[in-house]
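Single chain ahead, written as structure tokens, the form predicted alone.
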């Protein structure tokens, strides 16, 4: 049963709803559809599920109208697509931009609904009638499977008899000719050995791949020259016995200490100003590269048109864009996005969304289809990459400071992406803004993780809270936050162990850390080098955090820190893939090895690079 059908403009003005089926919907499925699907460039999908409901929709792009049908998920309503297309056609004939009420459309919708339901029932009947006819056997007709089965049984029986008889004959022949065969074999081996010995002496390998040393005719008394053995590293011996002074000197890899016991520290001010506070200069001048590209959006039939007809069409514009007109340009655009390291699944969904937004729209005068498609894609990419909420961390830090509590940031991600290094970059940037920072070494799993973070803390002159290894990271983080509250630290940066998205024990430990400490910001640290795996990483991280959450409010990833951005040239698609799949904004971009190499994401530059 259909629960609701709405018609509204792209601006959000509801023009008509069906009063007969105006059932009260649980929750807000329409708002969620607009917020999570239509505004997120996912309008190319077939349907959208919300709770117990399934929503389907269609657009009239030329008039800017949206038609949405809502029905129960458990019901398989075959007539919804057909009904939406008929409603779209009928309503577009009476639509007037100045008109606000369409009460007279109720009777038209009632007729269209009856017609759509009748078509669906007719389709069901035809399918039920066709299935028995295909399975009925005529009298005296034998099915192919039965004939194959009978033939197979005959062949098997024949094969068994022939194998037994052939086996007996073969045994008799072997017994009768055994001596002759053995004599012939000995003679043939003697001839082959002499030839093989000569060939192997020249370094030629036989058909069996035997080396000269393994050959039958090789000289046993020949001297073998053994290659000199390489000097191997001596294994270090670890035992409970006390080490000698010389051994202690060899094992001491720590930095030299001064007389006063303090470590020689490089002043943080020597690093200079962080790139986060520098405005990146971006040239917005349009390049002429796109104009020089060959027109690949014309169909093969377009070549048969004359010069006057093609010029006339470019002046007047095409009546309405069809799917066949958009397919060549969208295919080329999808391939271009994939060459920029955008995940294939994301590129396909984006192209489907752009196609849905342009189908049926009138092409403007003096405008090519390829430029229209590229303009729509550019708007979609800017809309996706632009944060929908404030990402001003400094404002949030000061707000937490007024509440007399530290601002907590947790860094999560897979192995080897640079969480600890970029945590130090964020700490350095916060120091530049006169914010007191404390590091929490909650990576109690990887060997050397605590020492690595301790080195960064010593270089930046930042206090670090550590409890060593094999401790519960959730408890370590809680004690670190308590220590920061006592000492008056403004920000606590929590370093966690790298973990693959399929590692159940480590993902459970991460979920416990987040649920227990309730951080202000959960940053996912990901590589800019990753391609299709970005979708798998982020979706599974969010899924695990949701499934393993013990509290009522599920906490997911809040932002993304993209690392190794200076190594990818124009392959910037990972940023788009990560934002699209998670909905979280890119808050930091790591672009080097020093503490200053941290900057904001330039959305216009990314979009221009993706479409270049």
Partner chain sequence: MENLEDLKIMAEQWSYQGIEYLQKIPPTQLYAAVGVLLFTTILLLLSIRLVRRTKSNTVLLSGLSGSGKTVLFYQLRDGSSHQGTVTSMEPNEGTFVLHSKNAKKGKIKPVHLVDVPGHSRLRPKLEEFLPQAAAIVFVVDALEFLPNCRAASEYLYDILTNANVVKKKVPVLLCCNKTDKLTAHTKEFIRKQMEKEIEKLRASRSAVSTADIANDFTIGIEGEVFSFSHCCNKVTVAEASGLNGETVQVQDFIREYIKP
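Positions refer to the first chain, counted from 1. Since the model is a prediction, treat every value here as computed from it, not as a measurement.
If you look for the form predicted together with its partner chain, you will not find it shown, but the lines that follow are about it.
*Asks:* Pick the stretch from 330 to 338, 379 to 387, 532 to 540, 448 to 456 whose residues have a heavy atom within 4.5 Å of its partner chain in the model of the complex.
*Replies:* Single hit among the candidates: 379 to 387.
*Asks:* Is the gap between residue 44 and its partner chain in the model of the complex 4.5 Å or less for some heavy atom pair?
*Replies:* No, residue 44 stays farther than 4.5 Å from its partner chain in the model of the complex.
*Asks:* Is residue 40 close enough to its partner chain in the model of the complex to count, meaning some heavy atom within 4.5 Å?
*Replies:* Yes - in the model of the complex, heavy atoms of residue 40 and its partner chain come within 4.5 Å of each other.
*Asks:* Residue 101 near its partner chain in the model of the complex, any heavy atom under 4.5 Å?
*Replies:* It does: once its partner chain is placed as it appears in the model of the complex, residue 101 has a heavy atom within 4.5 Å of it.
*Asks:* How about residue 30: is it within 4.5 Å of its partner chain in the model of the complex, going by heavy atoms?
*Replies:* Looking in the model of the complex, residue contacts with its partner chain include residue 30, since a heavy atom lies within 4.5 Å.
*Asks:* Among 362, 395, 110, 127, which has any heavy atom within 4.5 Å of its partner chain in the model of the complex?
*Replies:* The residue from 362, 395, 110, 127 that makes the contact is 395.
*Asks:* Have a look at 467, 401, 512, 433 for me and say which one sits with a heavy atom within 4.5 Å of its partner chain in the model of the complex.
*Replies:* Looking at the other structure, the residue within range turns out to be 433.
*Asks:* Just to make sure I understand: among 66 to 96, which residues lie within 4.5 Å of its partner chain in the model of the complex, judging by heavy atoms?
*Replies:* The stretch touches the partner through 66 alone.
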